[in-house]
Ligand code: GRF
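Coming up is one lone chain in structure tokens, specifically the form predicted alone.
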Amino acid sequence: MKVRAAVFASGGGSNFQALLDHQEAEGAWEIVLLVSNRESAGALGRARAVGMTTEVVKTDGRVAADVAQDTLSILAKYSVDLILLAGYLRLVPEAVVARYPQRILNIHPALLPAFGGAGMYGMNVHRAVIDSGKLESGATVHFVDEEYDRGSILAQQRVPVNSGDTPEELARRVLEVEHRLYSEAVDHLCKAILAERKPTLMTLPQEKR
């Protein structure tokens, strides 16, 4: 028995690819669906290249209730147990969060609760970290609730901010951690789901400079 996961992505899908590459035939979970809100998302191409089912649920100019209805219908169609956000740049509708309590994960490129919230994604985060003078950043895997980046934390890993770092340099090192951390966190959660127990907080060492 496996946990059936859907990945939601709005962009190129590098975290989706890392999850796809990590899943194992004998593992606790499998990705059965890629959902995007953008028909031009690169993640759709990655999914189709390996024969994975894809769906597009447009969000621009639509009310949340309609987006939620379409999303829940698709998730039910494919018997999805777990949702993994991978660069999904929209707030998940409340009705979807309510239907999947503690079953929606997101990866964020900073140490939440710092540098989170609306507008804090991609290079915006890394610029803010450097401008703040902080000596470390990192990646956070957290459960998704009704607000951006406020759900309980499942896993974090710290990444030093080096003297003279540009946002692009910091982003590259954090992304390397994201790719490993997200997959390990999904393993951790899905083993707990199958064992019908609450997952514990993962603790990981700081990345070396």
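Throughout, we count residues from 1 along the sequence that is shown. These figures come from a predicted structure and were not determined experimentally.
The discussion below concerns the form predicted in complex with the named molecule, not included here.
- Comment: 174 to 182 is the region of 151 to 159, 52 to 60, 27 to 35, 174 to 182 lying near the named molecule in the predicted complex, near meaning a non-hydrogen atom within 4.5 Å.
- Taking non-hydrogen atoms only, residue 107 approaches the named molecule to within 4.5 angstroms in the predicted complex.
- Residue 199 falls outside the set of residues with a heavy atom inside 4.5 Å of the named molecule in the predicted complex.
- Contact between residue 14 and the named molecule in the predicted complex is found at the 4.5 Å heavy atom cutoff.
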